[in-house]
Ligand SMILES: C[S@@+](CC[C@H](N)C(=O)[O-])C[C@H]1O[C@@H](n2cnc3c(N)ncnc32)[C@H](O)[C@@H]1O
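Just the one chain here, laid out as structure tokens, in the form predicted on its own.
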């Protein structure tokens, strides 16, 4: 399959796709990701288009275009001028061609990247209206709330397709709201009763069923498929007078025995020690004084005596398998 990734954060977009379709090998051409496997495309936040692969070559090969054609067609390209060049080639190759520029049944995409031509037939285009769930228009609003697009990507990084997602620092519930809209069960806890109240308001507004209550993340035990969370940091975040580094480390040490997957964010300069294995790391720029770091952590298969690792590695040290 071919995935046209959003330019907002290509590294995050790539990780989101690979987490959902479980692909271990891939190729990437700028913002175009090629990998085998399928997933629920409607869940993807940072992918613009999904296409069935037709060819990857340095020139347009002889193709049986009727195999991909249905009713009518149009040509799209990352270089608009190329569309008029390619259209006659497809027209002449089809038995009964019909062009329809808008809402075409057969939308063929051609990406010209360096010396390569990547061609695919569109099977999905993201049209999710994330702005309709902006934090500032929710009834339970607090300035530190995550935007829906990022919240959804964090859930997808967990790779969980069915089951329960727990957010132990749920705040106003933005992560859990996206998880629920994707069909996952959700549980939210937070030590701040004001946040719990706001989260309940938001879930009620969007008619979401959720179990939400006040609890300390360093003490609560909840059976779940994964934790997806954005623990508090910064001036406006409530840490209940606990040093942030200590809060993160105590929380991770507490959940390690019973949670296999943790997706969390932190300031990119915060050093955290944990027994979890780091499987992915991505930075998300917020503004001049804050860049968030997204971690995907998984429990080690052989939890034999081993030192805790420090989560501060730069992205260049993270291993991504490429074919």
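Numbering follows the first chain given and starts at 1. Because the structure is predicted, anything quoted here is derived from the model rather than measured.
One more form of this protein exists, namely the form predicted together with the named molecule; it is left out here, but the text below deals with it.
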| query | Is residue 158 close to the named molecule in the model of the complex, meaning a heavy atom pair under 4.5 Å apart or at it? | reply | no
| Any chance residue 230 has a heavy atom within 4.5 Å of the named molecule in the model of the complex? | yes
| query | Any of the heavy atoms of residue 178 lying within 4.5 Å of the named molecule in the model of the complex? | reply | no
| field | in the model of the complex, residue 191 touching the named molecule (heavy atom, 4.5 Å) | value | yes
| request: Please pick, from 111, 169, 73, 203, the one residue with any non-hydrogen atom lying within 4.5 angstroms of the named molecule in the model of the complex. | output: 169
| query | Heavy atom within 4.5 Å of the named molecule in the model of the complex: which of 117, 94, 222, 144? | reply | 144
| note | Assert contact_stretch over 119-127, 210-218, 75-83, 100-108 against the named molecule in the model of the complex, heavy atom within 4.5 Å, equals 210-218
